[in-house]
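What follows is one chain in structure tokens, specifically the form predicted alone.
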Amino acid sequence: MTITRINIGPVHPSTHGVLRLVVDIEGDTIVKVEPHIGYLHRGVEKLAETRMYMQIPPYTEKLDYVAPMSYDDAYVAAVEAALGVDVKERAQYVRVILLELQRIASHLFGIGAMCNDMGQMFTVFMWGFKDRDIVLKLLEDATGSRMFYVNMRLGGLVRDLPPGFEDEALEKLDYIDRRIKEYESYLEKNSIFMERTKGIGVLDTEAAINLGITGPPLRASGVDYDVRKNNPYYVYEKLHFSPMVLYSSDNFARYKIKIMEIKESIRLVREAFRLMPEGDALGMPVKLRSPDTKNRIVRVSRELPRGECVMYMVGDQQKPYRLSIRSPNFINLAALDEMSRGGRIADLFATMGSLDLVMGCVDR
């Protein structure tokens, strides 16, 4: 049978941003998928060389516009490592609370977007947006901004949690906990969803490791690796965090991992509130010059909602001499060809949706 080449994108609504896929098909079977990227490239790493240290977080937050606080934290943690700044104990708990709330919001969006990509279950897409907005309201109450927060400061935060935040957050998390059970009941009894996810887009353990993917796709392929456990930071060790791992390696496993991680994030936030000490969580005023950072090389790793992010920075007196970002989405996208080969063209969008891509993170 003749192999036909088709273009998907670069502005296809199923591509989670501006992405072009060149797909070779034989009949209805995928032979090869070749991603073409760069449509959202903004040169953030190069821009960092021209900005003072704490002028850069507004740029890094836009890399993952679904989970901006995670990138904010990863970059500020790199600057803290370069300066030798310790994060206050209460601030560590507050950061964990905010980051896990951000993870919940991100996974709610990812589950809804995956269902929308499949052309079915628009109900779940709207559920995801509605419930995500509840979590975003909590983040807005804590930071003063609904989407782009820039709430991390050296050694702490711009703002501590407001009065009454704990009670409100726990009430909203109880609601999200109940809702997640409804997502599971609705989707896992839906024959169309199960047929398009079970056994589809399989990426076995060996291939996942060889490709270097991280985050939910890696753990859905049976690899027990999570930066919060393997290289813990802040107070994750005190919270007895356990990575969520499945072994079926398919689209369903990647969906299910997000469900499981939402539940674990809710548990982490509840425990963090219970153990969080009194005190001050505010960070230092913005410093634009730091003579002690010249030629200091730091490497900081963080578990973002979509995988492991590494900030590699070479310090200078006033700004990064070099900044290199290991983007989880960029690496995970490389697995799309391996996951899609031999599948049907209609399943390509379900598989891509299960990766939960954000193209701003891919292109940088």
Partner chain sequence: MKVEREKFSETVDKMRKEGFDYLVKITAVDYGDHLEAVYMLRSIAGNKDETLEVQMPEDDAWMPTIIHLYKAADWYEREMHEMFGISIKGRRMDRLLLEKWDGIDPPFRKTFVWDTPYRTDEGKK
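Numbering follows the first chain given and starts at 1. From a predicted model like this one, the values you see are computed outputs, not experimental measurements.
One more form of this protein, predicted in complex with the partner chain, exists but is not displayed; see below.
A.B. asks: Consider the chain as shown here, without its partner, and state which of Tyr225, Phe165, Phe241, Tyr233 has a heavy atom within 4.5 Å of the partner chain in the predicted complex.
C.D. replies: Of the listed residues, the single hit is Tyr225.
A.B. asks: Using a 4.5 Å cut on heavy atoms, which of Ala67, Leu333, Ile30, Met54 is close to the partner chain in the predicted complex?
C.D. replies: The residue in contact is Leu333.
A.B. asks: Any chance Gly155 has a heavy atom within 4.5 Å of the partner chain in the predicted complex?
C.D. replies: No - in the predicted complex, heavy atoms of Gly155 and the partner chain never come within 4.5 Å of each other.
A.B. asks: With the partner left out here, check for me: in the predicted complex, does some heavy atom of Val85 sit within 4.5 Å of the partner chain?
C.D. replies: Val85: no, not in contact with the partner chain in the predicted complex.
A.B. asks: Could you confirm whether Leu211 comes within 4.5 Å of the partner chain in the predicted complex, counting heavy atoms only?
C.D. replies: Because a heavy atom of Leu211 falls inside 4.5 Å of the partner chain in the predicted complex, the answer is yes.
A.B. asks: Is there any non-hydrogen atom of Gln318 lying within 4.5 Å of the partner chain in the predicted complex?
C.D. replies: The answer is no: Gln318 has no heavy atom within 4.5 Å of the partner chain.
A.B. asks: Would the partner chain in the predicted complex be within 4.5 angstroms of a non-hydrogen atom of every residue among Lys46, Ser301 and Glu308?
C.D. replies: Looking in the predicted complex, the three residues Lys46, Ser301 and Glu308 all sit within 4.5 Å of the partner chain (heavy atoms).
A.B. asks: Counting only non-hydrogen atoms, choose the one of 185 to 193, 87 to 95, 203 to 211, 266 to 274 that falls within 4.5 Å of the partner chain in the predicted complex.
C.D. replies: Every other range fails; the passing one is 203 to 211.
A.B. asks: Going through 34 to 54 from first to last, which residues have a non-hydrogen atom within 4.5 Å of the partner chain in the predicted complex?
C.D. replies: Those in contact are Glu34, Pro35, His36, Ile37, Gly38, His41, Glu45, Lys46, Leu47, Glu49, Thr50, Arg51.
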